[in-house]
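The chain below stands alone and is given in structure tokens; this is the form predicted on its own.
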């Protein structure tokens, strides 16, 4: 079961739709925070830098961390040593905080202080690289016990990636930053259908059976869709197609 399958009765996509309809960044972020809280997640954080806008020369930030931790973090220039930020900037895959090396005294001290400020014992961060050169990091944290966190984490990654990509698209719109590309009519019917069934949890084999084509053909159409949507992977392509209303989930 995915992280948000029970949310509002209609799973993850209802939440994505509600966030997309918000007018301000804080409104969308609050919707996200309230939903994630239901599943034992402590905080949600969104950070974007190098945005394609002359109006904004500072990072775009939306977070539920306490004001005290935010001030403490800034005063000590922790962005320069934060291993989560370093791992996110250096890669494209989700960062599981459990895998980070905490042996260095400075890093150990950083995580210890984060715990004092109730940041959350566990966390996952999803890097988002925009087509304009911008970079965003979408993170959630939790204070669940290790066994509970381990169970939740098994179902968390795909949902978080979808949320991260869609929230980034929403943030750009909230900041009145246009994508600058018209994707309408770029996808063929077969490409749209392959993305739609993938979004609904079907494998390439399942989709092929539904559409009456081979698994290889489905993968071919998904690869074409990724290219047309300038997506990093299939999850990103699905997320982008949803946010642009290119596929219908019914």
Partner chain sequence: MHQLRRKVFHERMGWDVTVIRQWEIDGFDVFDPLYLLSVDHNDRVVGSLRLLPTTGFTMINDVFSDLLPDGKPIHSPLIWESSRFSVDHEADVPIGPNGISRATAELGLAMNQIGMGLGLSHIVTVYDAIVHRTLRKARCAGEPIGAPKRVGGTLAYAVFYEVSAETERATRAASGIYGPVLEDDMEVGLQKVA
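Note that the structure is predicted; figures quoted are calculated from it, not measured. Positions refer to the first chain, counted from 1. Definition used throughout: the rigid core is the maximal C-alpha set that superposes within 1.5 Å between two forms.
There is also a form predicted in complex with the partner chain; it is not shown, and the following applies to it.
Taken together, the three residues 124, 187 and 216 all lie with some non-hydrogen atom within 4.5 angstroms of the partner chain in the predicted complex. By the criterion of a heavy atom within 4.5 Å, residue 92 is counted among the residues contacting the partner chain in the predicted complex. Using a 4.5 Å cutoff between non-hydrogen atoms, residue 146 does not count as a contact of the partner chain in the predicted complex. For residue 115, no non-hydrogen atom is located within 4.5 Å of the partner chain in the predicted complex, even though that partner is not displayed. Residue 161 belongs to the set of residues with a heavy atom inside 4.5 Å of the partner chain in the predicted complex. With the partner chain left out of view, the stretch that reaches within 4.5 Å of it through heavy atoms in the predicted complex is, among 74 to 82, 162 to 170, 105 to 113, 137 to 145, 162 to 170. Residues are counted as partner-facing when one of their heavy atoms sits within 4.5 Å of the partner chain in the predicted complex; in 206 to 244 these are 214, 216, 217, 219, 220, 223, 224, 226, 227, 228, in sequence order. With the core held fixed between this form and the one not shown, residue 64 has its Cα displaced by under 2 Å.
Relative to the superposed core, residue 220 shifts its CA atom by 2 Å or more between this form and the one not shown. Residue 42 shows a C-alpha shift below 2 Å between this form and the one not shown [criterion: core-superposed Cα displacement of 2 Å]. Between this form and the other one, the CA-CA gap for residue 128 and residue 224 narrows by 3 Å or more, being smaller in the predicted complex. Contraction of the residue 226-residue 163 CA spacing by 3 Å or more is recorded in the predicted complex, set against this form.
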